[in-house]
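As structure tokens, one chain now follows by itself in the form predicted on its own.
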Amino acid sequence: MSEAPRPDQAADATSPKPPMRDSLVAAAFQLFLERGYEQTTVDEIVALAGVGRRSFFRYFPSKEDVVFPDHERCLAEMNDFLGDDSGQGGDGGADDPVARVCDAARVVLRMYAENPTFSVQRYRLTKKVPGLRTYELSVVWRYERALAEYLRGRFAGRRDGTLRADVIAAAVVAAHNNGLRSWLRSDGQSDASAEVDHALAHVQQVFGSDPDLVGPAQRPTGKSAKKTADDDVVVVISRRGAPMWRVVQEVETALGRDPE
């Protein structure tokens, strides 16, 4: 007697069989959701997928890697995007390095948005398993490092170029993750692009203007805050080396706000 088809198998025998890699991911997450991540073994995953144990390790070095199957591809795509300086990004392209890295973050977002159900399932699973959270942080660090390396090249020779590159890269990753988590917390029901665009807009607002393009004659030299009646602009000059909390306090005072 032939074995009855499983419920997840297509009724049409002519339907193409999913690639082995996709079958392993699907089998793994089915078991993770049913039994829990820690309770699921690689042997159980390959048995459900109908492949050998060797096939699993051909695609995934560890059980953690099957939870993040597309990050290697996505990282390569993001690096290709950053390396294509002939292209123009959605918010300024290669001519604006800050806009460029923001657009690079959107390349990562597309990976999540193309499969909302899987992304939400992974988000929930990662929240429950500390080891997966640690693994995810290592993946995020690789994205941040790639962005920083690109910006270091663009800011080479500029004042505080390396520092600026590292700070902007960290800010882009933080903004992307903030918008991404907002979308995931909505179970994928909100607009992922709108969430991330809103967060990245803050990065471009803060870092989009390049201080190295401002000549010495244009930089103010006074020691007090000045407000122009025409443009309602406040300029605060602080001594070099002043702690950031003091600078912020001076800005808020100049704006007429209570620093507390």
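Position 1 is the first residue in the sequence shown; the rest follow in order. What you are looking at is a predicted structure, and each value in this text was computed from that prediction instead of being measured.
Although it is not shown, the form predicted in complex with the DNA is what the next lines describe.
Checked against the DNA in the model of the complex, the residues 30, 41, 193, 205 give one hit for a heavy atom within 4.5 Å, which is 41. A residue is said to contact a partner when one of its heavy atoms sits within 4.5 Å of a partner heavy atom; residue 58 meets this definition for the DNA in the model of the complex. For residue 53, a non-hydrogen atom is located within 4.5 Å of the DNA in the model of the complex, even though that partner is not displayed.
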